[in-house]
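First comes one chain, alone, set out as structure tokens in the form predicted on its own.
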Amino acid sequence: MHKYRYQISRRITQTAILFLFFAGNAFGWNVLRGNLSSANVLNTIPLTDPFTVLQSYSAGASLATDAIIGAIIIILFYALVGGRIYCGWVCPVNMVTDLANKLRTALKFDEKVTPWKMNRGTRYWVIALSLILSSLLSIAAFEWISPIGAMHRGIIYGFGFGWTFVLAVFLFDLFAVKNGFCGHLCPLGGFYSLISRFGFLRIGYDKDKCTMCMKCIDICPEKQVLHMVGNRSGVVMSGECINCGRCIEVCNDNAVKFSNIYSKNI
């Protein structure tokens, strides 16, 4: 159990958030009502996805005060905490892509040639495209096809046609590109990597303890953030890290652990 402590914690957190949203709709609980794009805590605190707000603004929509306040709260939270913890600890699609990647490994697809190679910077182009299309079409463009929204709404209100977007993500990660959607395409993940790059919570690496087994690199869904492994001690400075803790779980040398941006002793 100790080996999977962060994975279990992440699944509990993701499931609990989904359940609270479901309970808000099904049982009238007011702990967490709405959805991942726009929610309300205890009928008092608004929470709004800032990327959705940007798309709506680009589409020419008038923004409610609560939406702006909710977006500011979310931006401040992730900017202070750091890393794409939304992707690793909140987003329900993470469970789908993790399953696809486990199956991909079990079937040894990684040892075979896959159809595409994709640059991780593609997600930043998708951010720009989403905002441009939102402006041209006068709708929040990514929200219409977002598998995150489709899966979340499906679990809370019941699946309609949205299940096809979730299935597409699963098949894409399984057969085409490892960590394809979350690690290469998702504009929401790219957006959070931009606003959280200077946050407090980091993965720290101690070169003196490392035996170069490279298990952390093998398991990391964002391998590029661990470029210091084998080279120098330090903390992960990239906002693309999802702070999932997988690298910590597989490290038998205690060379990797949660740290902070100001830490001098890893």
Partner chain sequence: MLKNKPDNDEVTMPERREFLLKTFKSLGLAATGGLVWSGVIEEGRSAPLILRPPGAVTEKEFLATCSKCGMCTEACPYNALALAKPGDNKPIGTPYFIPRTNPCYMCKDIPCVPACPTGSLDKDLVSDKDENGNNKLNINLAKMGLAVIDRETCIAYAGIQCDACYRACPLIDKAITVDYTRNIRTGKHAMLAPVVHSNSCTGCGLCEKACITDKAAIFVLPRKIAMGESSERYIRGWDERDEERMKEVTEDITTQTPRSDRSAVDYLNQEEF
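Numbering follows the first chain given and starts at 1. Keep in mind it's a predicted model, so treat the numbers as computed, not measured.
Same protein, other form: the form predicted in complex with the partner chain, not shown, and the subject of what follows.
You can rule out all but one of 223-231, 236-244, 199-207, 60-68: in the model of the complex, only 60-68 has residues with a heavy atom within 4.5 Å of the partner chain.
Although the partner is absent from this view, G34 contacts the partner chain in the model of the complex, with a non-hydrogen atom inside 4.5 angstroms. Though the partner is left out of this view, E143 does reach within 4.5 Å of the partner chain in the model of the complex, counting heavy atoms only. In the model of the complex, none of the heavy atoms of K178 sits within 4.5 Å of a heavy atom of the partner chain. Of the heavy atoms in R120, none are within 4.5 Å of the partner chain in the model of the complex. Taking T15, N25, N254, S9 one by one, only a single residue has any non-hydrogen atom within 4.5 Å of the partner chain in the model of the complex, and it is N25.
Of the residues given (V96, I195, L174, I139), I139 alone sits with a heavy atom within 4.5 Å of the partner chain in the model of the complex.
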